[in-house]
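Have a look below at one chain only, the form predicted on its own, in structure tokens format.
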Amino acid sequence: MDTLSAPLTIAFDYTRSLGPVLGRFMAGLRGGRVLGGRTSDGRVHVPPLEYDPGTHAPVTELVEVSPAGTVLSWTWTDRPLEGQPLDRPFGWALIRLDGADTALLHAVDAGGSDAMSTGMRVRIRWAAERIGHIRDIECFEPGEAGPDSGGDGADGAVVEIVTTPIRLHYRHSTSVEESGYLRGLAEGRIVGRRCPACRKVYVPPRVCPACGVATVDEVEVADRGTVTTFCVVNVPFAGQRLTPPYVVAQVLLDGADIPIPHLILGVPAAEVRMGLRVAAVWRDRADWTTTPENIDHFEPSGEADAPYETFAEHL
């Protein structure tokens, strides 16, 4: 059997809460200033440390350093990747800004690797729009700080949160077993595989986690089953398809021995319960492809609840 392969993307926005030190550092960037943190030994760290490595006390003294500095070491990137500071070849460099005692890692737009050297002088090129993020520094470029190299010095309020988009593109190639499962979904069937040792049926097919052997016999299971456990989603997040509250449950399909996670709709969240009998709601047949998304969600089937003893060992 030919196996399936497709490009996939994992994407989310990484959100980080900042404390008082990094919050002031980011606010400084927004104002066109670079702030370092002075520790008990007198050294100035850029970016500032939140806690003194010697005394472990919070760092409270922030001092402004120059937007220009010296390249201490570097490497060259011929093929920039998505999400990196520049979309053309550039240098990654450790740069010690004047007034600082530690180096900052950032990109240098030097035009070519032959223009890069250890000891070269570079200055910050600020982003056209600054929002209080490390990306307010677009990159570094060769040269000394000029009179217009900084901002207006108005840091404004401390930045409390920064959000960074994360994107990972990759190609997923399925196994023979997974390909059979996905092709079954394209036909409106749910197909698992049975372990030759313990006889349990796994959906989607996988190596039996109990026996450690490959599952072999293909088994078609029902598109209805029993809610074994569930959670009510009450917290909103970026990219969310549904408005909370809603339910994500583990559904033990009839004929399977391990539940699958899926949405439970068509019933108030407060009425979802262990043992609730549910049935798959498929998308329009014209939209079916080799994907689990062919099943839009599950909803109550109208059958009587399953006794706890029938699914207790599948929790």
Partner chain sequence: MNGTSAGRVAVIGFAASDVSVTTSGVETLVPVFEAALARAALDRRDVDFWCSGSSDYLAGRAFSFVNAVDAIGAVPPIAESHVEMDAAWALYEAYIKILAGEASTALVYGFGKGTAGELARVLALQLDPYTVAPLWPDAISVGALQARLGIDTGLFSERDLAAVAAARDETSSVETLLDRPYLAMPLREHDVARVADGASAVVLAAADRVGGRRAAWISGIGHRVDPQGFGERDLTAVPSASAAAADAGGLDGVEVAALHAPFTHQELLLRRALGLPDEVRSVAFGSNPMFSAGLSRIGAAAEEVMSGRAAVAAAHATAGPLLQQNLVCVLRSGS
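All of these numbers come straight from a predicted model, not from anything done at the bench. Positions refer to the first chain, counted from 1.
Keep in mind that the form predicted together with its partner chain is not shown, yet the notes after this line are about it.
- Using a 4.5 Å heavy atom cutoff, S73, W76 and W92 all lie near its partner chain in the predicted complex.
- The partner is not drawn, yet in the predicted complex one stretch among 272-280, 286-294, 61-69, 25-33 has residues with heavy atoms inside 4.5 Å of its partner chain: 25-33.
- Taking a 4.5 Å heavy atom cutoff to its partner chain in the predicted complex, the contact residue among A186, I134, A145, C231 is I134.
- Residue G212 is the only one of G239, G212, G156, P245 with a heavy atom lying within 4.5 Å of its partner chain in the predicted complex.
- At the 4.5 Å threshold, heavy atoms of I10 reach its partner chain in the predicted complex.
- None of the heavy atoms of D217 is located within 4.5 Å of its partner chain in the predicted complex.
- Its partner chain is not shown here, but in the predicted complex it comes within 4.5 Å of a heavy atom of P47.
- Its partner chain is not drawn, but in the predicted complex it has no heavy atom within 4.5 Å of A127.
- Residues of 242-281 are not found to place any heavy atom within 4.5 Å of its partner chain in the predicted complex.
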